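Listed next as structure tokens is one chain, alone, in the form predicted alone.
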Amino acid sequence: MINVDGQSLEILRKRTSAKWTTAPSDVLPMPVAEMDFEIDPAIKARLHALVDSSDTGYAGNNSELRMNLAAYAKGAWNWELDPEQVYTCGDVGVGMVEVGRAVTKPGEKVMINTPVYLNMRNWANRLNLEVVDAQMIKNGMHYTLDFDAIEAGYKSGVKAHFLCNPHNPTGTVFTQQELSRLADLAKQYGVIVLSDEIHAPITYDKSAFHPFLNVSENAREVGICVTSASKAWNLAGLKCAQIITQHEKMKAIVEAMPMAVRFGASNFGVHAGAVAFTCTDWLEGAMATLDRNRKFLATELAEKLPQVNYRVPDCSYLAWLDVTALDLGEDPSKTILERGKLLVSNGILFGPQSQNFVRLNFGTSAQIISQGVDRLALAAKK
């Protein structure tokens, strides 16, 4: 296992990514889903080799990426996927939109489950689809799928379901039984499930995550997976994602999509992703740090802001915080930014029921987490 931890603020503030350049220098940014870790040395070496040889053209053969993803899926989840049914695209958002375009027509219905990754609604809007929101059931701070609402939505004529598996921002990892039940309903009502599994490798109990296409034959018949190494190995800016099918009907849909979709990944992204899926030692080190961080955040909040409700998430490095008791006004994220100089994601963007929530990224150092909670506490002072 490689030791992986958050870099210092001095180093981080030299980064040019959106996370570190959007806000003024006196603001601590903790919204965007990218980690403050140094990437794996093997990925660095591959990228340096490409630059050193001026190999900066269009992406070519992606067989290494497809084979390494298949090997990783087998080792991580006992998922036997066919490398010949793995297709590249620019990023998960591109994949979800373009697959959505292939299986729906403007004006038709697509389902989401809020609170959910904010771009799922944006993707639906880009496709001119009517959103049917089968909201998650909230029990304390734990969220689960509402199958009555899902079936009602499917009955109403939903054509596609944008599924976030595992779930962002709530940190829920769906069970095999839940996903199998969802697949059965989708087959019954003729719905195609587009499963966004970008956070899958960042599940703390590896046995808890189930790829949608691996839960049943029905799931393979109605499902298409879109995923990437970008979140788990911190490669978002390199632009490469994968669309995966395991059934001839779904394969035909993807292969009929415009060639530009499948050739939209960058050469750097294809190479980095291929290497990433072999970097399990680095991921193990990152997960050990994230595991400490998710628990450390709970301790910090309990000591400094016990009014904030937080459930330690089962996946990813995103904390879903209920700040209702802090009475921060109509837009808590704006108040937190103004008073505490802390930038977090606005809960209302993830769903209409989440006005008093914020999302905070703990994929960083313990020192920055502590500073973040201090700034949140400062914002809570009247």
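The first residue of the shown sequence is 1; numbering continues from there. Here the structure is a predicted model, which is why all the values come from computation and not from measurement.
The discussion below concerns the form predicted together with a small molecule, not included here.
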Partner-free chain; cross-checking the small molecule in the model of the complex, the single residue of 91, 98, 300, 133 with a heavy atom within 4.5 Å is 91
With the partner omitted here, the residue among 266, 114, 216, 230 that in the model of the complex has a heavy atom within 4.5 Å of the small molecule is 230
Exercise for review: Assess the spot marked by 308, 357 and 379: is the small molecule within 4.5 Å of a heavy atom from every one of these residues in the model of the complex?
Suggested key: no
Counting only non-hydrogen atoms, the one stretch of 280-288, 136-144, 164-172, 257-265 within 4.5 angstroms of the small molecule in the model of the complex is 164-172
Are any of the heavy atoms in residue 123 no more than 4.5 Å from a heavy atom of the small molecule in the model of the complex? yes
Indicate whether residue 69 is a 4.5 Å heavy atom neighbour of the small molecule in the model of the complex. no
- [ ] Evaluate residue 210 for contact with the small molecule in the model of the complex, applying a 4.5 angstroms cut-off between non-hydrogen atoms, and reply yes or no.
- [x] no
- [ ] May I ask you to check whether residue 182 falls inside a 4.5 Å heavy atom distance of the small molecule in the model of the complex?
- [x] no
